[in-house]
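We give structure tokens for two forms of one protein chain below, kept apart as structure 1 and structure 2.
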Structure 1
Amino acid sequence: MSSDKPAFKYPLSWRILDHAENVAALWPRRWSPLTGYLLLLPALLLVFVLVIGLVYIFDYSLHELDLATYRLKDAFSLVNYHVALKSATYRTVVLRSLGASFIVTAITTVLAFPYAYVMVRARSSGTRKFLLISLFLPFFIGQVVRAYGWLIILGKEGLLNTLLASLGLPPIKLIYNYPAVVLGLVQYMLPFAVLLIAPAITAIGEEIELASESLGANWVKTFRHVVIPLAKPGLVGSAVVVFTLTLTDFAMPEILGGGTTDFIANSIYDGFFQLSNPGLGSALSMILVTLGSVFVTVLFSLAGTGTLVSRENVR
């Protein structure tokens, strides 16, 4: 009754998989409607850290700083909001941040749209790749390093002032002012904007443009009446991202503004670490969160959610 053939050996990977399958089978079949939630759980828990943090900050914002002990008092009060909303300094800071957000969004959109269009419609794949690489390189270099680059260019003895001096012109102050911060922010936002606009342009068939032009519209008219309206979802998405990122930015105003052009985030930082008043810093944080949410809600209700909220069909 002996067999010459060696017994068939299960490969190790099969055995491991079988064991894993047995472990997976411990999850009872009737719980299977919950499987999706189980898979979501780690991500939900990670993001929950931010929710707890927000609750803490909201709580801090409702307690006044006791100047005797430098701790927050136990009693609830709205003093921090009162201070933040009444102070002329903070009003300037809020208006400056909002103003910069509008300016940066406008400039970035105007610059990013042609870039995205040329990139998507480029005939040669070499051109397209060159434009993509030029976009991704700065995208992968953080704000601090890029701001440092601008400091070398715009600084008192930087590239531009040296050029001016060699032409016999007096140096001009190019950093630590509003335009420098706007320039730094526009450069930072360009890759975000282009990458959000480009898919919307891809979705527009080139034959639609050809049709428009064959009916006698020149390219400006085609852009105005065909391409830009069709690209609206991408433009809305890009505007939302650029606006909120600018509104909440810290590094550019800090490094290129040099304390002269503080945004809300810089004031929050100062509230916590210079004034040692977490209550006031938290109240400013809540104001920033509110401002951002209000803007996003208003834009979404005016223009639709764009490409940011996907509505994929599920089986």
Structure 2
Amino acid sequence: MSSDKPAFKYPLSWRILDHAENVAALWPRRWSPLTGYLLLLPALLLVFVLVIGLVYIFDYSLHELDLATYRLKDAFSLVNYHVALKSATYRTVVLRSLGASFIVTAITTVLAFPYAYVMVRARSSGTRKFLLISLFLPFFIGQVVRAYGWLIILGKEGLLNTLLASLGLPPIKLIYNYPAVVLGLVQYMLPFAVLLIAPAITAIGEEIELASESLGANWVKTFRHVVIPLAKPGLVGSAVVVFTLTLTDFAMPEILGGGTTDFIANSIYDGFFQLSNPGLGSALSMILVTLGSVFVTVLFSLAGTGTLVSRENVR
């Protein structure tokens, strides 16, 4: 007896996975220990390309600009580093960049941790979704657009000064200064920090907090002695990302600083394209790379590289 039911067909996604499995079966078993390294190959190639670029930049930094021909001299020298380190202007730029990086990292961490905690621990799924969507919305707006948004809010004819004028108060200069740059960077870095801290909090079982409270610790002591130490991987990762992104930022100092609060990235741009001195720009680039590397090294030395792995927390 024939059936009128149509023949069952596998979904397209299942068929694709079957074909992928057949292709993977062609990989010799004796080479299976190399599978992980093969998957790492694209990332390693990208790192290799970046290293080549750094080698060229380091080479350019060791050649002085010939003002007669505006080409780099063939002889090796440390003139560019001498100019970068002895110049009061560049010293100010470096200190300004480092200061902003520490300030933005501290403020962002303080703001991001409770946001991430509430987003993870909220009982209502609607609250969690709202906080998550609010977190991702800034990613749909470019950094430059966000910086110009702050100009609309903080400008001389912006929303805040308009409000002050309506109250009979004089206008306040809120842009083209250091605090404006810091404010813009904190707003820009906050989503990155939350996304790095949230998985570390998720890995902390709620039963651990309940156990702490059952032993007599109040919520403050539990948060201080249990939650924060166990969330250390997220805090360390957040500090590294926020610090390095702030240290290398270009748009916020350029737009909100108005040319008066340049960071190292702005000076590098000026060295290459305004002064037409690739040697000096390369020297500043190497100083920037060195500062970022030193910070990461010191942080990992104090916190330990194992803090980036939350395996102990899961256990």
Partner chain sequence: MTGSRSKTAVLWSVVWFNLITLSLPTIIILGASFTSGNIVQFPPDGFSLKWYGKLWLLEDFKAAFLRTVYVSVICTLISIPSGTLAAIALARYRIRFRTALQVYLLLPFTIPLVVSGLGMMIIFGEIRILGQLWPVGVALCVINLPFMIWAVSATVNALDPDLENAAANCGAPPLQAFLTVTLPAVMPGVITGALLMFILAFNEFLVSLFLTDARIVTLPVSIYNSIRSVITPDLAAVSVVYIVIAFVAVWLLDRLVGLELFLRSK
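All figures in this text were calculated on a predicted structure; none of them were measured in a lab. By convention here, residues take numbers in order along the sequence of structure 1, the first being 1. Between two forms, the rigid core is defined as the largest C-alpha subset superposing within 1.5 Å.
- Between the two renderings of this chain, the form predicted on its own is found in structure 2; structure 1 comes from elsewhere.
- After superposing the rigid core, the Cα of residue 260 is displaced by less than 2 Å between structure 1 and structure 2.
- Annotation: Cα of residue 289 displaced by less than 2 Å between structure 1 and structure 2, core superposition.
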